[in-house]
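One chain comes next, on its own, written out as C-alpha cells in the form predicted on its own.
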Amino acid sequence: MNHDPFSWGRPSDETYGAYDTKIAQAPAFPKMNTTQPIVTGTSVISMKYNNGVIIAADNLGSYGSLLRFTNVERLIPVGNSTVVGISGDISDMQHIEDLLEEMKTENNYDNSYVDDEEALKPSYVFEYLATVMYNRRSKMNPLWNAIIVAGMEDKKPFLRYVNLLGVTYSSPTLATGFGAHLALPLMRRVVDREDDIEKTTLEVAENTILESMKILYYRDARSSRKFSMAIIDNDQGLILKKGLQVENMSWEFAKNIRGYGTQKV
C-alpha cells in the first residue's frame, strides 16, 4: 500500500504499476444537468366559466433579457377537448410537445374508438404530465417548466397545474410566471371560488383574459403584444385563436410612476 499522505490507500506502484486513469474514463467534471433555463417563455393564464375553460399565452421566447423569438406557440392542443399551456424553458417545452405527440400517435394507432370511449381526456393528459415532471425531478434533472392543462371532461371544465417540482393543484383560475402575481388577482375578481363559475359567461371570461394580457404586456418586461388564446367550450368545442394582439393600450399611467408605484412628486 502506498503510504504517501497524498496517495494513501492506493495500491503500491512498485507492486501493481501506476494506476491507469483511462480505465474509468473519468471526465474532468462530474455529470451536470440543466441548472437554469436559457430561452424562456413567460406567463400562461387561464380561468373557468360556466360552459368551459379559456387559456392564453404570448408568443415570445426570451434569451435572457433579449426578446429573441417572437413566434413561439406555447398552447398545445391535445385531442379535441384539451389544451396544454407551458411556460419556462423552450427546449424542455419542445421535449414535452414531442412526448404529447407520441402519446397521441400511440392512442390513435389502430383505434376505432379514438373519438369516443378511448379519446384522450384532460385528466389523462394531466396525470401523464404530472408523472413525467415528478419523475424528472426525482432524477435531479427536472424539466424547467410550469404547465397548465385546460379542457372539458364529462361536460365539466377541467383546469390543473403542475410545475418542475411535480407539485400539482387545481383552482378556478390559474396562472404561471409573472401572471401569478399580476393577472391572477384580476381574474379572481371575476371568479374567486367554484361558486362564481356558474355566474361567469364566455364573454366576461374572454374580456377578463384580454385585460389580463394587456396588464402583463404593460408590466412584464419579458412579455409580448402578440399572443394566442384557446377556448374549450362545451357546445362549440376547441377554438384556438392565433396571432391576437393586445389592443386599446394607453401608456398615460407611466409618466407618474416613480419606483414601485404611482406617486405624487
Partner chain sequence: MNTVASEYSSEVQSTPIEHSFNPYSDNGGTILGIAGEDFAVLAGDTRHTTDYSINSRYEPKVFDVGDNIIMSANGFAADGEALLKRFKNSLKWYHFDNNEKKLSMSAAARNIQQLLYGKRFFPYYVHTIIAGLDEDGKGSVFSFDPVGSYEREQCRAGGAAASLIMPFLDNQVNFKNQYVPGTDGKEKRHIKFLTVDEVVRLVRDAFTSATERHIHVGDGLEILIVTKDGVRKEFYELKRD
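Please read these numbers as outputs of a predicted model, since none were measured by experiment. Numbering follows the first chain given and starts at 1.
There is another form of the same protein, the form predicted in complex with its partner chain; it is not shown, and what comes next is about it.
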{"query": "Its partner chain contact in the predicted bound form: R74, any heavy atom under 4.5 Å", "finding": "no"}
{"query": "Contact of R193 with its partner chain in the predicted bound form (heavy atom, 4.5 Å)", "finding": "yes"}
{"query": "is_contact(H181, its partner chain) in the predicted bound form, heavy atom dist at most 4.5 Å", "finding": "yes"}
{"query": "Its partner chain contact at N80 in the predicted bound form, heavy atom, 4.5 Å", "finding": "no"}
{"query": "In the predicted bound form: members of 139 to 168 within 4.5 Å of its partner chain, any heavy atom", "finding": "M140, P142, W144, R160, L164, L165, G166, V167, T168"}
